[in-house]
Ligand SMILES: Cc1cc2nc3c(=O)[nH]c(=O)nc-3n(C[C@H](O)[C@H](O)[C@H](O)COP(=O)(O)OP(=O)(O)OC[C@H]3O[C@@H](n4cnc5c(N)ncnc54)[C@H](O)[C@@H]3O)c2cc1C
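For reference, the chain that follows is the form predicted on its own, supplied as structure tokens.
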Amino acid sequence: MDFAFTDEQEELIRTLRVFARKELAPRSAHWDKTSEVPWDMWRRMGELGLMGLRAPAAYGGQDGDLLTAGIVIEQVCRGDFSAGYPLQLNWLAEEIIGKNGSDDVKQRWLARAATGEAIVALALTEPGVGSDAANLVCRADKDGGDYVLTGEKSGITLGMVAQAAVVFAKTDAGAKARGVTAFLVPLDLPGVSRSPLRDMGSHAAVRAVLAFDHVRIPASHRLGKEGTGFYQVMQGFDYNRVLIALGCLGTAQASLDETMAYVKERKAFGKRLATFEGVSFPIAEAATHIDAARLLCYRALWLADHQQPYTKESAMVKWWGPRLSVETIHQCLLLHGHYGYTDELPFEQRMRDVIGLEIGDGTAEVMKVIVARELMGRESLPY
């Protein structure tokens, strides 16, 4: 077994760590306070080749592997957690469009997504349908050479600023998963409206409710055959859940590094805080858990890149990584005393940010159901 990154990957880690420290971290609090959309930074990530990592090379992308994607997300989120969202969303969209889109859709959207000039959101979740994604209410009815899209999507990350969305809708109302079809929907079409959500964290992610009132979509914007949309997004969710965990762990690791530096300098009762076991033991525990979770994440991505099953590992890290990160950042906040509780230090923002990913892309409870299914078979399912 080889646990080492390649020389190129190590160089990427060093480059991105500098990028995160110098270009992302200094502006993170500003983006959080103002909800400003940092288009300049997203384009900068496009210039670095990050936004198009998963896009086909023929359309300006990198055709990058998932292990490299994990490295990118972990390092970027050390500087600003919300900076991971445009990367993850564009990567998911690039993969779905690249594999299933018409030539017209690929030409129009892939290169723009790869440069950071366009964001393509993922519109799956609905107000009354959260984890039960096979039972969508949003529908797409065939009308001549077009489809007419009607319904509502909720909790759509970057929904207020995205230029397009991969929208999942029922084309066969009588079917469950086999009745879901994916469409590339430009969000400036007549009949599309957006309403912002006021979240406690990740303010630069500007989530939205998207409403579709008889929106006419050309059949060329259907992604793949009718009835294949659910399987397209589920395949993407497996690796995206690992990327979510790594993003959370990157933020937690940055907090832990800063806290270790602080307790080695701060004194109480005539001694440095790091000498007290009540301080050093929680740090040792957090470091142990983060290392273990990180290794499981990269093992999952390695399995994915080698076309081996990794659904179990993906679900494991999706429930564990965000929870562990919340706990770690909370502990770091406490170790900084009353200043840790202020917004002068980054811990309160980071904790608000990562809590959202205990929910997004599948709750811990759903993830544990998946793990149990993979371990013990479908007879263990509660539904």
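Quick caveat, the model's predicted, so the values are computed rather than measured. Numbering starts at 1 and runs along the sequence shown.
Keep in mind that the form predicted in complex with the named molecule is missing from the display, and what follows is about it.
Heavy atoms within 4.5 Å of the named molecule in the model of the complex are found in one stretch of 95-103, 171-179, 119-127, 249-257, which is 119-127. Interface residue remark: Thr228 is not counted as part of the site for the named molecule in the model of the complex, having no heavy atom within 4.5 Å. Of the heavy atoms in His289, none are within 4.5 Å of the named molecule in the model of the complex. Although the partner is absent here, Val369 sits close enough that one of its heavy atoms falls within 4.5 Å of the named molecule in the model of the complex. Interface residue remark: Val18 is not counted as part of the site for the named molecule in the model of the complex, having no heavy atom within 4.5 Å. Only one of the listed residues (Ser154, Gln232, Thr115, Thr311) places a non-hydrogen atom within 4.5 angstroms of the named molecule in the model of the complex, and that residue is Ser154. Proximity to the named molecule in the model of the complex, taken as a non-hydrogen atom within 4.5 angstroms, holds for one residue of Pro56, Gly356, Gly340, Pro38, which is Gly356.
Heavy atoms of no residue among Arg44, Trp109 and Gln163 are located within 4.5 Å of the named molecule in the model of the complex. Interface residues of 207-240, taken as those with a heavy atom within 4.5 Å of the named molecule in the model of the complex (partner not displayed), are limited to Arg207.
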